[in-house]
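Heads up, the chain below is alone and in the form predicted on its own; it's given as structure tokens.
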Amino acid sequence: MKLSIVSGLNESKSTQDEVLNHFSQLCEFLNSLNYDGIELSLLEPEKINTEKINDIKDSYNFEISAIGTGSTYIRFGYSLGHQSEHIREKAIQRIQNYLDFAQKIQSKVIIGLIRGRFNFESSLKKEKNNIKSSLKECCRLAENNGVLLLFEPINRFEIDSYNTISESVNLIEEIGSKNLKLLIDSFHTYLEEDPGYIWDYLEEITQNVAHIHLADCTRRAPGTGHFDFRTFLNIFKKAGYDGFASIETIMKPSFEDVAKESSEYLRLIL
């Protein structure tokens, strides 16, 4: 199992040289802590020079484990479940940009917050149908690009639909695309799943999982709360999972501290 951590590049407000310099510094720092890669949370990936990004990551023998898309919903308001067809189309267009970027740097694209939330003009049923329809189109685009989409169950306090792993597995099976896999997040698992049932269920669906997010029950660095990471990660190790476990937490007291503490703690378990 490989280890990465989430970071942005501020590509929307920085020059190309600033973005590349920041990325290079991140790779150098994380390499010194025995990370295997980095997960990028991006708003406008089309602004980034992928050839130079590849040169930098390859020089550190690094991988970009996944591309986060949530800022598209947070900043632009585009979502796959929106009641407006125009807004849904905008979200799908943004996914295409992420797919283009991911194809060039050999990564995966996350479908998380970009699903959006429904408002008084819509309903949960309509939203889920819109998400399903939009996701089918995203899968078609992903298949054309040869890129995996990672569908993430997110807790009910942040999003309105597909909060649990079982709901998400059912959706993935219904859509039936070979380019749609599951992303499991320890924090959302802690909030949404039955602790007496979840460990056995995870053993049953490990074949659907292509990426993992790690945060403790405090949403801080692993080891700062009481989530059972040893049991959680051993399930995937025993199943032969060889993908990434990526730190996605509140970066306090600092990114550097979280990266260091997480690596030290998780290397004792992985």
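One rule holds for the numbers: they count along the sequence shown, beginning at 1. Being a predicted model, the structure only gives us computed values, none of them experimental.
The form predicted together with a small molecule exists for this protein as well; it is not shown, and the discussion that follows is about that form.
Note on the partner interface in the model of the complex: the residue among Leu141, Ile87, Leu113, Ile105 having a heavy atom within 4.5 angstroms of the small molecule is Leu113.
Out of the listed residues Leu182, Ala91, Ile154, Ile131, Ile154 is the one that sits within 4.5 Å of the small molecule in the model of the complex by at least one heavy atom.
Although the partner is absent here, Glu11 is not a contact residue: none of its heavy atoms lies within 4.5 angstroms of the small molecule in the model of the complex. Contact check for Arg219: a non-hydrogen atom falls within 4.5 Å of the small molecule in the model of the complex. The small molecule in the model of the complex is not approached by Asp194, whose heavy atoms all lie more than 4.5 angstroms from it. For the chain shown alone, Glu174 is not a contact residue for the small molecule in the model of the complex, no non-hydrogen atom being within 4.5 angstroms. Residues with any non-hydrogen atom within 4.5 angstroms of the small molecule in the model of the complex fall in just one of 117-125, 94-102, 146-154, 194-202: 146-154.
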